[in-house]
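Only one chain is given next, in structure tokens, and it is the form predicted on its own.
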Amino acid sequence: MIDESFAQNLIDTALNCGAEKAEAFLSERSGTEITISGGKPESVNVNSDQGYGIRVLLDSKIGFYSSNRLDEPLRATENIRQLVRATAMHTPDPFNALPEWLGDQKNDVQEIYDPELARIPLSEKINTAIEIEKSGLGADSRVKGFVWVLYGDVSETYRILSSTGIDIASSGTTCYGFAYCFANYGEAVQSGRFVKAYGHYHDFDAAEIGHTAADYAVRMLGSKDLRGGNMQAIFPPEAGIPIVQSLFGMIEADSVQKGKSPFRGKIGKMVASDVLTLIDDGTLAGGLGTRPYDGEGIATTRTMVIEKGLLKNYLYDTYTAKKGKTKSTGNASRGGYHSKPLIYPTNFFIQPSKTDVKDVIGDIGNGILITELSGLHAGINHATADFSVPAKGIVIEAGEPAYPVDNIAISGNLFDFLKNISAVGNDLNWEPIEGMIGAPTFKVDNLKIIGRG
């Protein structure tokens, strides 16, 4: 990690030049990304980087500077002087702030860190990536190829020092795999995708990633048209996770405060059925998004966003918390030392029940299992909460999967959708999407399905 005295000198320089407060974010990050095509590496990218970002506060104005030049302390000092001078010319914002250290905010949760990751030979990681494709091709003879196969990992350590008393450090590792394949039978061609993340390299399951993508493609072969209508619908994790991701974009306080969220003004109101509980939990034991502190040095929390259908909280960083006259929920994150904090999820998920997923599906009688959604973010009108989203699915008859359908869409109003969730399963799964997003299987009653049959 970068020498602490280097960062402290930058903070002292900013204060001596007239800044009211100053903060240093120090980061070391390394990563690997490998793509595979035809059983061979298509691209191999190994990178490492370290640097610092400085924020200064002056007369309700925030200035920011970052650099990876650690061998030029005199130039860094001069750049901080210029930063303070430039900040004085910015437009003031009464909600600009640097977080204060609170003595009771110590957080003892344990993030996931795999020290062995850096010692795994690159050749082994390449073989792991090849195994994803090999496993998928071997899963079913109808799987003909992969559009994209990816193995990736990242290891990051960061530290935050501030004139306000913050001095925290955090480290974490993540390995992830992505597979996108296609299958065909006769003239019919269907695709399947699957992504999964792991905290430790030895947990990485290349066969699971390849097999699951293959299964998702094969199950859609022989798709038919569907006449459509209002139906009971099952959303397994692969279809529910994109919905949860979209909900985050409407729950985070910046969107709410800018009037870009249909959840604005609905705190304390029922926005979903009483079987739905939505949580952001940066303290979740074993969670890949778990960290003791966020990207501003604020202790992460377990925030009940929607509890049994009742909207209870938005998610905040320091800026939006001050604007909303509340406290940060510990949801600030940075893409690295060169980035300012933004609101991101930690572990953001629908709370699972104890109901077996087989019972959720078996209870439906006749309906549809939604297997894939396309363009969900663009398909929801954030002003009206109306949506129309292209989809694929499998028709359910007498509680059993009958046949696949494509060229359909789901349509309606988001709040009606959430209030019509009538059952939640126990099979919570996660995807690494700007944080960790999780969902179990859930059932939605009276969902409008648009078809062309």
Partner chain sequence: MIDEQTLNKCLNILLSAGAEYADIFAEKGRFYSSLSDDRKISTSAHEQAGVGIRAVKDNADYYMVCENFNPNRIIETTRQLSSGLRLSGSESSVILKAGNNPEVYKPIKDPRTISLTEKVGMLKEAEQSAWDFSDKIKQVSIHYSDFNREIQFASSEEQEILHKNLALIEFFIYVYAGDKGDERQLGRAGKSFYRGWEAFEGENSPQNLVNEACEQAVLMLEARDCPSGEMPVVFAPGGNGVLFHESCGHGMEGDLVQKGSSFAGLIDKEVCSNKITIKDSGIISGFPGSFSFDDEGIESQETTLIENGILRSYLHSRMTARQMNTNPTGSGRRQSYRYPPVPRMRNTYIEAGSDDPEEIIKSTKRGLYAADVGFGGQVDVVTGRFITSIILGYMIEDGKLTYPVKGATITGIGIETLKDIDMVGSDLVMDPSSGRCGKGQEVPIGVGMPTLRVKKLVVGGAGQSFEGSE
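Positions refer to the first chain, counted from 1. Please read all numbers here as calculations on a predicted model, not as lab measurements.
Below, we refer to the form predicted in complex with the partner chain, which is not included among the displayed structures.
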* Of Asp215, Glu307, Asp167, Asp93, which one comes within 4.5 Å of the partner chain in the predicted complex, counting heavy atoms only? -> Asp93
* Heavy atom within 4.5 Å of the partner chain in the predicted complex - residue from Tyr158, Tyr314, Tyr151, Tyr319 -> Tyr319
* Is Asp427 one of the residues lying within 4.5 Å of the partner chain in the predicted complex, judged by heavy atom distances? -> no
* Check whether Ser141 has any heavy atom within 4.5 Å of a heavy atom of the partner chain in the predicted complex, and answer yes or no. => no
* **Partner proximity in the predicted complex: Phe415 to the partner chain, non-hydrogen atom cutoff 4.5 Å** => no
* Asked: Quick one: does Asp71 come within 4.5 Å of the partner chain in the predicted complex, counting heavy atoms only?
  -> yes
* Pick the stretch from 326-334, 295-303, 350-358, 83-91 whose residues have a heavy atom within 4.5 Å of the partner chain in the predicted complex. => 83-91
* Structure fact -> Checked 32-52 against the partner chain in the predicted complex; residues with a heavy atom within 4.5 Å, sequence order, are Lys40, Pro41, Glu42, Ser43, Val44, Asn45, Val46, Asn47, Ser48, Asp49, Gln50
